[in-house]
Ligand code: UGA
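Below you'll find only one chain, the form predicted on its own, shown as structure tokens.
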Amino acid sequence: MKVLILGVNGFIGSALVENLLKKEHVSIYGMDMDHDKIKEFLSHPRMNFVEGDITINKEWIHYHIKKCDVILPLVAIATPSVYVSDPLRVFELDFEANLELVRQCVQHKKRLIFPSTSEVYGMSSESEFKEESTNFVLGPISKQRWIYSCSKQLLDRVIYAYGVQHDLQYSIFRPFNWIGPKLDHILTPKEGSSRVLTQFISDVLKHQKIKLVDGGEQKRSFTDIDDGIDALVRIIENKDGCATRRIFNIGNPNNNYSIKELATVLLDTLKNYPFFKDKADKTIIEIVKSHDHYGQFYQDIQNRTPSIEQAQTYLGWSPKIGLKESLIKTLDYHLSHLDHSLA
């Protein structure tokens, strides 16, 4: 099986590479703008990597879509601050550039595995989100943070329509707050522009305050990357067509914590690392208003709990890793790779 992964050096892409290269029947063709997260795999005989940009290196991509069996376009902007500060850039990459890839999969009759997002459900008031029945609820046009959700939602609809009208073989997966090693670069995130866990760890290491937007009461279902990749590999393998033309929430409803609770559990966990205990003890948690933190174009989601019945039924998958274990794995990786003099 030849698998094309665009955005292969990202959080999901790099973890997927590590897993797929253990399978002797899989060869990987990957593109990204950097290779720091996959450098240990570049010499592998079944790993083929080229440094490039999906908006520029279009001939290489077109050739490899024709060549490969399964296509995973994992390139997207997925940080809330950019949704509000540069919404057109989000639309151009997350929708327009990816739409071109979808159409090439249709043209060459290739199997597409597309990363949607838990954000598509928006501000739905349902207690758990279901792929087939939950209504999407987004804010007004003036709240530009929804351009990411809307771009992903429209691509989901386009992919579904290509399946109905042009026999596109697809699977759509919706990650719910995947966390783990290599999530981001711990010492480089900018305030508000990284994912929440990375930002909190960075805040502690840099002796900064942890900022809870609007009190941090928003709940998220945190999912360990290993659980997520397990589900994604089952989708790629697609035994007996179990994943064909289906949408899957990939999340852990048992890890449903508020952002405030995440901060508390993280600090408690950090105190078990002798070098960082003092930093965790001295970290101050501060409440800030979303308007001040993200700007006037921001709006938040209070609940984001997935129904995982589809994944359980068709993939035989259920998440196994709790939040505390996932945080320990994440901290073990990042802190072991950290120059303590920089912390």
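In this text, residue numbers run from 1 along the sequence as written. These figures come from a predicted structure and were not determined experimentally.
The form predicted together with the ligand is left out here; the points below concern that form.
Inset, instruction - Identify which of 212, 102, 168, 150 has a heavy atom within 4.5 Å of the ligand in the predicted bound form; exactly one of them does. - result: Of the listed residues, the single hit is 212.
Inset, instruction - State the residue from 110, 220, 234, 182 whose non-hydrogen atoms include one within 4.5 Å of the ligand in the predicted bound form. - result: Partner contact (heavy atom, 4.5 Å) among the options: 220.
Inset, instruction - Just one of 102-110, 117-125, 158-166, 238-246 has residues with a heavy atom within 4.5 Å of the ligand in the predicted bound form, so point it out. - result: This holds for exactly one stretch, 117-125.
Legend entry - Output flag, 15, 227 and 327 jointly within 4.5 Å of the ligand in the predicted bound form, heavy atom basis: No, the candidate spot makes no contact with the ligand.
Inset, instruction - Could you confirm whether residue 304 comes within 4.5 Å of the ligand in the predicted bound form, counting heavy atoms only? - result: Flag for residue 304 set to yes.
Inset, instruction - Report whether the minimum heavy atom distance between residue 93 and the ligand in the predicted bound form is within 4.5 Å. - result: Taking the distances in the predicted bound form, the answer for residue 93 is no, it never comes within 4.5 Å of the ligand.
Legend entry - Contact test in the predicted bound form: residue 80 vs the ligand, heavy atoms, 4.5 Å: Residue 80: yes, in contact with the ligand in the predicted bound form.
Legend entry - in the predicted bound form, residue 196 touching the ligand (heavy atom, 4.5 Å): Yes - in the predicted bound form, heavy atoms of residue 196 and the ligand come within 4.5 Å of each other.
Inset, instruction - Scan 148-178 and write down, in order along the chain, each residue with a heavy atom lying within 4.5 Å of the ligand in the predicted bound form. - result: Sequence-ordered list: 148, 175, 176, 177, 178.
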